[in-house]
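As a starting point, one isolated chain is supplied in structure tokens, in the form predicted on its own.
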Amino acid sequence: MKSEDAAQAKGIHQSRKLPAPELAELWDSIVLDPAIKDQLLSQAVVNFTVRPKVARTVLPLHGAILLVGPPGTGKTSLARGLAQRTAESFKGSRFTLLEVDAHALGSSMMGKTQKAVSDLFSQSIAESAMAGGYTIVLLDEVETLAADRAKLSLEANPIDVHRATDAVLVQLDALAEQHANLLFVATSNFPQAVDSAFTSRCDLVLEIPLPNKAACEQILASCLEGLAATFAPIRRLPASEGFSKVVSELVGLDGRTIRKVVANALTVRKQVALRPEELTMSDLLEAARAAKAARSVRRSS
């Protein structure tokens, strides 16, 4: 990329070299079954150890991973953490992480979206792959780029949207053939909206579930421990009576919402807002119940 502005103009939101210090803690911050994480990291590593050496007629690897699941489950953070851990697995190798701004590629002008998508893959991404080293591309909210054509109405959706999906598939195939040093990691909150042809090209489609009770406990305890680094008395809460009751209320919420429950608990009483170290289990329970109620309202609406 010649400049940040030029990269953004071609649909790249951010480009950074890996490993990157700011991404170091992301992988561990996502509470997930270790077996799922191991599978995910192994798939990324295999992309760079096996795919360059084995013909696609033997193993039809496309160099693409798709993470799906409800909003707030940490898919984007996990994808960034995956890129970091993959780079760490190849010590001394040069890695680049490109993050695509899919929404910047849309256009009301006929043919413009398709061209922008083609340029993104055939120029911006291909240039990074040709520069040497390894490139990992994050395609967040991939349904924006690869919408399910079978569910699109030509009356409601301009044909440019259909052509954009076609362009993504064509370019994915071309890059898979030409650049074995390239890995796409895509995310979607709505996998049913992703074109089946894109999904079929993914070497791994991994569902990131809502946290179970044990994970909810771990997320809550971790969040409180982080707060206790600034407000020491909060360190007592995970061992307090009522902690398990709060955890039970959190089951069914995503990780992002659970952390927001802690933030909202600090606002339940003005006294706690002024003196966060006075946070109690009752504050947390009230905030957890409010979050659960809000979730029920959203589901019913």
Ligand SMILES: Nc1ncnc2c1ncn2[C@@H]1O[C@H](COP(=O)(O)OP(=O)(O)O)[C@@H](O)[C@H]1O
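Computed from a prediction, not measured in an experiment: that's the story for all the values here. When you see a residue number, it is the position in the sequence shown, counting from 1.
Below, we turn to the form predicted together with this ligand, even though it does not appear here.
- Answer range among 51 to 59, 270 to 278, 249 to 257, 235 to 243 for contact with this ligand, defined in the predicted complex as heavy atoms within 4.5 Å: Answer to the contact question: 249 to 257.
Answer with one of 168, 100, 219, 82: the residue that has a non-hydrogen atom within 4.5 Å of this ligand in the predicted complex. Checked against the cut-off, the match is 219.
Quiz prompt | Option touching this ligand, based on a heavy atom within 4.5 Å in the predicted complex, out of 196, 93, 122, 189 | solution = Selected residue: 189.
Q) Contact between residue 30 and this ligand in the predicted complex at 4.5 Å, heavy atoms? A) Yes - in the predicted complex, heavy atoms of residue 30 and this ligand come within 4.5 Å of each other.
- Task: Report whether the minimum heavy atom distance between residue 77 and this ligand in the predicted complex is within 4.5 Å.
- Result: Close contact exists here: in the predicted complex, residue 77 approaches this ligand to within 4.5 Å, heavy atoms only.
Q) Is residue 128 close enough to touch this ligand in the predicted complex, meaning at least one heavy atom pair within 4.5 Å? A) Outside the cut-off, so no.
ask   = Can you check whether residue 86 is within 4.5 Å of this ligand in the predicted complex, heavy atom basis?
value = No, residue 86 is distant from the partner.
- Message: At 4.5 Å, heavy atom to heavy atom, what parts of 48 to 76 sit next to this ligand in the predicted complex? List them in sequence order, or say none.
- Response: In sequence order, 70, 71, 72, 73, 74, 75, 76 come within 4.5 Å of the partner.
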